[in-house]
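Single chain ahead, written as structure tokens, the form predicted on its own.
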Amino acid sequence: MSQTLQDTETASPFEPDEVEQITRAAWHYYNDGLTQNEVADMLGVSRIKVSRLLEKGRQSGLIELRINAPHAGCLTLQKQLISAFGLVDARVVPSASELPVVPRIGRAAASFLMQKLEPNDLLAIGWGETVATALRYASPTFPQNNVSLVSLTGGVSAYVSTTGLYGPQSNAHLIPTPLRVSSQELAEMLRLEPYVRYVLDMAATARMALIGVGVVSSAATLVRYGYCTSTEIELFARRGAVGDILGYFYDAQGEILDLDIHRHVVAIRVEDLRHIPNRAAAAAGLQKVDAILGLLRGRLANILITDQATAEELLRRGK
């Protein structure tokens, strides 16, 4: 971080002696790294006086603070995303093309959760590799804060079990089914099973949810895990799908499409998902921009965790 002292010889609101005091106080405090007590001793004034000089200098513009770090631009992007898409919050990490995206966004999502989750909170979790990565990073803090997990879909127990959060003594409430089953009739039967119904009802009461964002391509996680075929994905794309959350595919405006697959999914209903006040989507990559845009336009999530390049493209195309 660097500091700039503006030239105040023209139209200065201060007396020359006060300008000199502010300048000396700022130089010693910011550039020399002295404490306010040490600066006070050097100037022969009280520490309170030094604090007031620094505050007066900042408020008047005599002192300007500039953060020379990659996160500085990201903080600006966060504010722009919140404003452009009506978000509750956003997190943007600096792009690093040489590093894999999922671990970096997963770590950022974990950091967000650790900052925002309160003791005894209930965290609803969706499907996806980024969600799984975030849980692995954040899981050590959950037991000490008595944070419980509840799944928004079936199919998540496989990766939650790798975090150490799922077991006889855990506070993880997971739907014990696949994400997608073979028929509409079986899905309806499973949703009526008492424990599955209990978990789905509990998920709607969570204060915070973390979800991944799927792309409509043969490389999608749903395809790799065998929940969709490449042929189905191509059909969904032709019907206007740009992305999915929790196995529900939506169009460019975030409207859920009328697809047969949705009747085979064991997951919370989208209208119930909207009852969760803080819905954080963790996703990045230029190949996901269409999916993220649709998600935000449809208010399917109101918090976004992404990287700098993705944020810039979202803002450019979201105008």
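Just count from 1 along the sequence shown to find any residue number. Only a predicted model underlies this, so the values are computations on that prediction, with no experimental measurement involved. In this text, the rigid core denotes the largest set of C-alpha atoms whose superposition between the two forms falls within 1.5 Å.
Heads up, the form predicted together with the DNA isn't pictured, but that's what we're talking about next.
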**Complete:** With the partner omitted here, the residue among Ser60, Asn37, Gln253, Asn31 that in the predicted complex has a heavy atom within 4.5 Å of the DNA is Asn37
**Asked** Should Lys49 be counted as a contact of the DNA in the predicted complex, where contact means heavy atoms within 4.5 Å?
**Response** yes
**Asked** Counting only heavy atoms and a 4.5 Å cutoff, which of 285 to 293, 52 to 60, 256 to 264, 270 to 278 contacts the DNA in the predicted complex?
**Response** 52 to 60
**Asked** Has the Cα of Leu293 moved 2 Å or more between this form and the one not shown, judged after a core fit?
**Response** no
**Message:** So, superposing on the core, is the move of Val39 at the CA at least 2 angstroms between this form and the one not shown?
**Reply:** yes
**Asked** Can we say the CA of Ala25 moves by at least 2 Å between this form and the one not shown when the core is superposed?
**Response** yes
